[in-house]
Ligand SMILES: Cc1ncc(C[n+]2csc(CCOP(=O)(O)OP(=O)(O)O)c2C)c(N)n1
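Take a look at this single chain in structure tokens; it is the form predicted on its own.
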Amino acid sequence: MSQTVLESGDTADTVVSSGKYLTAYRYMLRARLLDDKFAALYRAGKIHGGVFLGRGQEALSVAIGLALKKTDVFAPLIRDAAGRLAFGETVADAARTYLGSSLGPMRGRDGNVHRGRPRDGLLPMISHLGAMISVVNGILFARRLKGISGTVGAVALGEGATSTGAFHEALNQAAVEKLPLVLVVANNQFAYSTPNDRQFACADLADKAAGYGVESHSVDGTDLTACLQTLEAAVARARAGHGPQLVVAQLLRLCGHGEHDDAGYITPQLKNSALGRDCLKLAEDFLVGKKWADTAQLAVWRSETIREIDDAVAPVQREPAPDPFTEEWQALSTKHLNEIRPDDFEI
């Protein structure tokens, strides 16, 4: 078992190229502005169900999506818009699910955050916690039995998931089978409103890896450079046959659990600490400092992204919802749904 620790400022800036950093930043910006759009639609009564923002977690999330190949498997959570976009989700897919369009990937079914395209390796999540680990384990094991090599499965988690039985059982299974699994824990300090000191007694969640013989990595989740490096290293280790990798990122959710939650339980001291830094703002400062962009260019990118999102969301608002009188409420793997074939969902 080995442990890698990457904290802000510990690594050379040149390790991440300007091109990769800019790509990551643009996905982060798109995710932030898309979240803002959904929040506005929710407040306007256009979205039914909750809206859960990834504000403050975009650097970690985008690093997952960019570290994976298109042949890999990704099980994101509710705050992983950046990672979803980097892995291939379109703005239209996200909008169609949030707005309940029957033309979306889930055909307007289930909750608005339970979306994905299994054929493309993007898994619709089960609510939430550690349940998706065993799902990804099953996919990885099935591919091994089929003789398919080189696949990595990444699962996004909150720190609250590490207290569940599903987490421990699935991590133990992955370790025994030496599966190419990467567990990415966003320790945003609160499981909804329950603080860390009421969730676990260990000094660092990465310590939990040792008991299972699993390699671990700790990273400053507000630092895009550190996140990109750490996730790339963890995915490479898993792909090279070193078994499961546990990545723990320290950060703070810069909003409530959902748009319905004012997050009054987060203290001003915590908000003003290093954990409360905005990863998007830090990335912008880094770009300007490195002269990879200037404030005028950042403003242009923001305007372009807002227009892109508005252009994608506007037609979706006019698309039909499922008709309860004509819809056959069957599993998505049945052939009547948009000509989806059972083998579309092969793993």
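The numbering used is simple: start at 1 and walk along the sequence shown. Nothing here was measured: the structure is a model prediction, and the numbers come from that model.
Although not depicted, the form predicted in complex with the named molecule is the subject of the following passage.
When you look in the model of the complex, the only residue of 93, 159, 72, 215 with a non-hydrogen atom within 4.5 Å of the named molecule is 159.
Taking a 4.5 Å heavy atom cutoff to the named molecule in the model of the complex, the contact residue among 254, 266, 206, 129 is 129. Picking from 147 to 155, 184 to 192, 271 to 279, 227 to 235 the stretch near the named molecule in the model of the complex, with a 4.5 Å limit on heavy atoms, gives 184 to 192. The named molecule in the model of the complex is not approached by residue 84, whose heavy atoms all lie more than 4.5 angstroms from it.
When contacts are judged by a 4.5 Å heavy atom cut-off, residue 99 does not count as touching the named molecule in the model of the complex. Of the heavy atoms in residue 78, some are within 4.5 Å of the named molecule in the model of the complex.
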